[in-house]
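Take a look at this one chain, the form predicted on its own, written out in structure tokens.
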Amino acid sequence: MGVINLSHASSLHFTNPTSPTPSSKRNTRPTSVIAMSTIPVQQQPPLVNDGQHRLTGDSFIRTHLRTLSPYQPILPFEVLSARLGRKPEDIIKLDANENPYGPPPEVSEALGALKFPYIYPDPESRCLRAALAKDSGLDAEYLLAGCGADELIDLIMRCVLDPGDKIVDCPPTFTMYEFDAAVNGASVIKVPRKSNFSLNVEVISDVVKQEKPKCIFLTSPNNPDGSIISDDILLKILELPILVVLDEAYIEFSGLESRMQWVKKHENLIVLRTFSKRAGLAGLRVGYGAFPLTIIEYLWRAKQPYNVSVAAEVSACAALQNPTYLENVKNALLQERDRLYHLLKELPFLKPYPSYSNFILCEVTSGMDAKKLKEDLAKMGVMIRHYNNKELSGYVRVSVGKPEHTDTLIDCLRRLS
């Protein structure tokens, strides 16, 4: 530990706080900054213009971030509208797994009645966590809310991973895990899924024993194929010495119960949930997670104090007040998912996979190009998801929409066949 003495503007030097103070300076009171670090400092090029090295802004950026590829999000409505030359209401958006029915009417009423938007939100999201405790049956002390589940994924990594640590990823899956690991300076060990998109538990077990990664990120139902993880498989992975982060963003569409209650008996399990799909609040960014008590206390210390906005908390609480609406919307999407699956199956150039979620993954066959298929549909005002990564080369993903969205999509696909 060193002390940076700032008592004189013309000098900057380190002093040892344990060394004796000269008598002539005992009455001075320098302003000091205490600098402590447990991380070895690597030598970096001097940030000066010495005539040979020009000082540039990127010289201040952490080294591992200089080669980071940005996350590729879906284009927003207004950008799509301008790019396609269509009104937003004339675009059928089936590329981001959003809930086309939107939130219950109580949400708009609650937002319109906001009284104190100029006051910072509750840093502990007490009203929301109380409502979630009632909804889930899990005590509020196990729950933490976030600005979408995405924020909680990053928060977990910031609390768990040191630079150079490893995580296990099982592609194809949600690419945010790999992205956030890169942002946090971690290495990613990829254990590809089997041909039917199930987890390769044997390889995962071997990797954990040999590489000693800190955590593994799993999604059930998995995005983008809609497969689920059985209790037996999850229990096998929980027996390994690794932190298991289970993302249940789409659990409502699976017909299965959430594993949130499991965090009370498994110290190495975290379960993440979201309001984006279930309650149609993707634009307001509300997520939450269930954590073992021995883990959650550290996330409370590290999270941003006002991470869930007043509007987001009010909206989520209002949505939970109308469980009948949420259930009816879910059932409507499940019914439409079945109809969409059978209609896609009739097309000679698509091979859809059964899904437990609100989307369907399709392999593009018969010599048709997946990227061109997506582009041709976009010209018709229908947006679906196409992938550039090698695991999903030749695949597209279609979100489940309203019946009229399905009708238009199938009509356009038939015209392209």
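All values derive from a computational prediction rather than experimental measurement. From 1 onward, residues are counted along the sequence shown.
What comes next is about the form predicted together with a small molecule, which does not appear here.
Contact with the small molecule in the predicted complex, defined as any heavy atom within 4.5 Å, is confined among 276-284, 226-234, 206-214, 114-122 to 276-284. The contact residue chosen from D169, E313, E252, D150 relative to the small molecule in the predicted complex is D150, the criterion being a non-hydrogen atom within 4.5 angstroms. Checking F179, F291, W262, F174 for any heavy atom within 4.5 Å of the small molecule in the predicted complex turns up a single hit: F174.
Proximity of T219 to the small molecule in the predicted complex falls within the 4.5 Å heavy atom cutoff.
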